[in-house]
Every structure is written in C-alpha cells, then in structure tokens.
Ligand SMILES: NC(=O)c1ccc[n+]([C@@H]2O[C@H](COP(=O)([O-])OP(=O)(O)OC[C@H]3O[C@@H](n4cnc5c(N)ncnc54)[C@H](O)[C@@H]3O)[C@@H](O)[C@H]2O)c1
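This document starts with one chain, in the form predicted on its own, laid out as structure tokens.
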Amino acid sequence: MIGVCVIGSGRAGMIHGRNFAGKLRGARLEALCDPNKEALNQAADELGVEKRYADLQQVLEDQAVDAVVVVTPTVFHRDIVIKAAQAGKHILCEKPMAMNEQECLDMIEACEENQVKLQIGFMRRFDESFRYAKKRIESGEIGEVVLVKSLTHGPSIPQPWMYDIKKSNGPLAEVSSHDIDALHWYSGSYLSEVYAVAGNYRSPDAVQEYPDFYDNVIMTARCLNGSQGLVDGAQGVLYGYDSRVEILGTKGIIHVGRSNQHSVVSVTQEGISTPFVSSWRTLFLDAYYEEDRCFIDAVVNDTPVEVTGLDGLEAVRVVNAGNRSITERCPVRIERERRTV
C-alpha cells in the first residue's frame, strides 16, 4: 500500500483526497497537509484522516508517507516538490507546474537526482473521451494533424489573488494550461511560436490596481512539426463550464468534449432545454480518478508516468511566451537554449 499525503485541501485537493481515501486499490490516504488549520480539520473530518499536518516538514519526516499530491497555489510548487523529492517522496504535482522555466527545471532535476516519480496533473489526458480521440488520431483516421483548437471557458469570477499576473501567470496558466497541453498531446509536438491577444471584459475590480489583468485570451500557435494551434480561454462566463477540442486532419476532423450535464432534453411550450455542465469538478471526476490510479501504478510498478515533468515545463514555457506576447503585442518564439530534459 502506497501511503499518500495530499498537500492542499481546496477543491482539487478534495477530489484527490476522496480518491485516495477509499477508492484506489494499492493506495491509502495517510495524511493531509494545509497551513489553514480550519480548512485542514474540515477536510480531514470529511475524509476520516487522523494525521493532520500544518507544516510541510511533518509530511517529509513521516515514513508512512510514500507519495505526495501537491495541490497548492503555483508559487509554492517548486519548493514543495524539491523538498519532497529530497525526502524520497514520489510526487503528483497539479498544473500549472511552476511559475517559470527555471523552477520547472529545478523540480525535474531534484526528482531525477533522488529517483522519485514526478507526474504533472493534466487530468484531461485521462478522460475517456479525450483518450479515445488520441487513439483515433494515432490510428490515422483523420490523416496528419493540421490544426488543434482547444477551448476552456470557466464560469467563476476570478479570485482577487489571480489579478496579479506576476503571482498567478494569469488565465493562460490558471485556465488554459490544459488547452496548451491538448495542443501538445494531440499534435504530437511542442510549440515553436505563439501570438496572443487578451482583454479584461468581466472583472472591473481588477482594472485600477492591475491594469494588465485579462479574463479573456486567444492564442494562436505554430508547432515544431509545422501543425497549427489555437487556444480560447475565458473566466467569469457565468453560463457554465465549457471544455472542447477540435482536431483537424488532412482526411477528417475529430470533436472532443461535451457541454450537456445530462443526456436529458426537455421540450415544453417555452422551448427546448438541457442543463449545461456547471463545473470541471463534475465533468472530469472520472479523469481525476484515472490520473491518480495511473500515478500509483507507476510508483508500484516502477514504470514511467504518462504526463512528465517535460510536459509541465513545455506548458509553462508557452504560458510565459503567451503573456509576453500579450504585453509586447507581437508574436514570440519559444527559445529552448537551456537544457531540455
């Protein structure tokens, strides 16, 4: 049994916590860690966990903890992952991997030196529909991939801490990291150049103190293998949670994703209606489970993880390049002069 500690008891942290608390064969939820004692106790009570750590050092010293799931704000990822690796803990780190390229490289190096697994939390790769689409592409059904378009619209108004782009990396990181990874995964290539335009249309509270904040972004991209990409990201759309991908090939097209909460359609005198998906927490619940299961399998069987540190690093490179493109209002090439793992 792999003892797991979830570090962070927010929305995504609780999804991972519920998985490890009783659903996953071969793993057990050994402990929770969160500096907010009220949130920690509330989460631990719900999950039935006795070990409640407010200090990361307690996690690192617990020999019953074999692996950690890092579900904290991005600015803390680097230090937590490096310390966990040095303590010999395997790591599942939520996206975005880190704030910049150097932080990602530091994390990868620490995990390699200490021979621990590092998996990045791009859970859409574990969604049944997303995986099926990948198989259809690999089968050659639509020929060579020409264009990948990925869209994520979130219903929630951004939290105030997100307004500072220097601390959050903005919606390209918080919302569109999954879309960037979709471009990488479905095209079979990392990106070479991006051009992004953005604006603030729904967040008036941010305007005065953070004039560079944006809640809507469109980014076009060129892949290293010559294919094309398009990312469409938005926060605060209110109408529901929207996640879709379109893969255009030389011989056809694949559409991935759904917006209906259920397959029920109501028809009345007022018209036709069907409930829209309200949250990623329901849409990708099964994907989170598969992600956690595959992570444990990699630890138990000492096999490669499906989503690597390099995948996380490349997404962060694109986020940073996209934010620079927004500021400078020009295309930005993604340089890889530094070590590529």
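Note that residue numbering begins at 1 and tracks the sequence as displayed. None of the values given here were measured: they were computed from a predicted structure.
What comes next is about the form predicted together with the named molecule, which does not appear here.
Student: May I ask you to check whether residue 76 falls inside a 4.5 Å heavy atom distance of the named molecule in the predicted bound form?
Tutor: Because a heavy atom of residue 76 falls inside 4.5 Å of the named molecule in the predicted bound form, the answer is yes.
Student: Although the partner isn't part of this model, could you tell me whether residue 7 comes within 4.5 Å of the named molecule in the predicted bound form, counting any heavy atom of the residue?
Tutor: Yes, residue 7 is a contact residue.
Student: In the predicted bound form, does residue 121 come within 4.5 Å of the named molecule, counting heavy atoms only?
Tutor: Because a heavy atom of residue 121 falls inside 4.5 Å of the named molecule in the predicted bound form, the answer is yes.
Student: Please determine whether residue 25 contacts the named molecule in the predicted bound form, using a 4.5 Å cut-off between heavy atoms.
Tutor: Because no heavy atom of residue 25 falls inside 4.5 Å of the named molecule in the predicted bound form, the answer is no.
Student: Which one, 42, 36, 308, 278, lies within 4.5 Å of the named molecule in the predicted bound form by heavy atoms?
Tutor: Filtering the options by heavy-atom distance leaves 36.
Student: Just give me the single entry in 116, 80, 165, 256 that has a non-hydrogen atom within 4.5 angstroms of the named molecule in the predicted bound form.
Tutor: None of the others qualify; the residue that does is 80.
Student: Looking at 293 to 301, 309 to 317, 44 to 52, 65 to 73, which one sits within 4.5 Å of the named molecule in the predicted bound form if you count heavy atoms only?
Tutor: Partner-contacting stretch among the options: 65 to 73.
Student: Within 84 to 123, which residues come within 4.5 Å of the named molecule in the predicted bound form, counting heavy atoms only?
Tutor: Those in contact are 94, 95, 96, 121, 123.
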